[in-house]
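Just the one chain here, the form predicted on its own, laid out as C-alpha cells.
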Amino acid sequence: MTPLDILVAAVNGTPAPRIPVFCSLLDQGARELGMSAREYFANGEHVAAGQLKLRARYGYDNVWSLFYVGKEAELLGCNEILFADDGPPNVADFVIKSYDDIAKLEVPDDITAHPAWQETARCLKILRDEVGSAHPICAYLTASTTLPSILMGMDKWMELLLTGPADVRDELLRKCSDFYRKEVAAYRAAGANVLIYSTPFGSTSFVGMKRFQSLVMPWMQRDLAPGGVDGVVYYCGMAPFNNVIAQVMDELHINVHYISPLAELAEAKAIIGNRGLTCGVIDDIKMIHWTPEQTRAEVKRLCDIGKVGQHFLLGTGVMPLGVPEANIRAMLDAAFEFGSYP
C-alpha cells in the first residue's frame, strides 16, 4: 500500500499494515538545500525540492505545499515579510492598520492570477507530478475567524472581535471568508488532497463556548459551505478542542481532527470513535529538550492509545528548527514500530 492508500484506510477503518505518519518539517527545507530562508522561500522549486528531500531522508508519509503562514497575507496585499534563519518567516507590515483599511481590503477575483500565488503553484505542480499519486500533499488554509490576526495583528483583531463595531468586524470576516473559499478551491485544483483548516478560534481556549457557538461556528459554516469538507482537517494550532469535537462533527461534518498535545488523546479518540480519524500529535516543543528515549516513549504512549480500533494517525505540530535530528529519527522509527498492525 502507498502512504496515500494507508491514509485512506485509516480514515475508513479498513485494513492497513500501519498507521499514517505525518511530519511537519517546513523551515528545515532551507537547511536541507544549504540556502538562506529568504532564498529558499522565494522559489517554489526550492520548496518542492526541500519537501521531497526531507520526506525521502526521514521516510514519513506526507509533503507540504506550505511556505509560511504570511503567504496568505501576501495574497491580500502584504508587501513585507520578515525572514530569519532560526525560525519561520512572519508578516513584517500589516495590511490593516486602522478600521478604515478594512473597507479598502480587496479579495482577488482570481487568486491563481495573483503574483504571490505563482510560486505556490509551481511547488504544487512539482509535488503533484513527483509524488501526488502515492503521498498526501498538505495545504494550510486559515479560517476566516483567524486570518485577521495576520492582516492586522492579534491584539487589534482581539479588540475588534470582542469589543469593536460589529458591522466592521463582520465586513472583515465576510472578506476573509470569501478569500478562504477561493483559496481552498485553488489548492484543490492544484493537487492538494489534505487541507489543514487552521481555526484556532475554533477552540474555546481562544473564545468561550458562547462566542464559539454564536459567532465562530456560523463563519466556519460559511467558509466550508461551497466546497464541502472532503480532505479537510480540523486544526486549532496547539489549542485543545475536545469539548467541541462532537459539535464540529455534527454541524460542520468534519471527521478528521488534529488533536492538541495539551488535550487528552483517549478522550478525543472516544468522542470520534469510528466516525472519523483521530490524529494524535506529539508535543514537538518538548522534543527540543527530550532525549531520543523520551521521544520514543511518548510515541509508544500515543500509539498505544490511538491505534486501538484503527482510525488513527500520528503527527507533529510545526516542528521547530531546534528539534534535534536524533529526536526526529527516534520519533519516526518509533512511529513505524509501534504504529504497525499485526
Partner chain sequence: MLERIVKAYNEAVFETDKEAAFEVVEAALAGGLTAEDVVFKVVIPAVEEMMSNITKDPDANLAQHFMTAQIAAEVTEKMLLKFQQPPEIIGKVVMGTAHGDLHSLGKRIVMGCLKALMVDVVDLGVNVPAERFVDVAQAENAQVIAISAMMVHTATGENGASKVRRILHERGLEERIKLVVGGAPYRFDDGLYQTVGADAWAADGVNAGRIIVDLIRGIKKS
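Since the model is a prediction, treat every value here as computed from it, not as a measurement. Residue numbers count along the first chain shown, from 1.
Absent from the display: the form predicted in complex with the partner chain. The rest refers to it.
Proximity to the partner chain in the predicted bound form, taken as a non-hydrogen atom within 4.5 angstroms, holds for one residue of L215, M158, V95, I271, which is M158. Checked against the partner chain in the predicted bound form, the residues G77, P88, P108, G191 give one hit for a heavy atom within 4.5 Å, which is P88. Contact check for T163: a non-hydrogen atom falls within 4.5 Å of the partner chain in the predicted bound form. Among heavy atoms of E298, none comes within 4.5 Å of the partner chain in the predicted bound form. Although the partner is absent here, S205 is a contact residue: one of its heavy atoms lies within 4.5 angstroms of the partner chain in the predicted bound form. The partner chain in the predicted bound form is approached by R211, whose closest heavy atom lies within 4.5 angstroms of it. Proximity to the partner chain in the predicted bound form, taken as heavy atoms within 4.5 Å, picks out 287-295 from the listed stretches 287-295, 304-312, 52-60, 271-279. Although the partner is absent from the chain shown here, none of S36, G44 and G132 has a heavy atom within 4.5 Å of the partner chain in the predicted bound form. Contacts between 226-242 and the partner chain, taken as any heavy atom within 4.5 Å in the predicted bound form, involve only M238.
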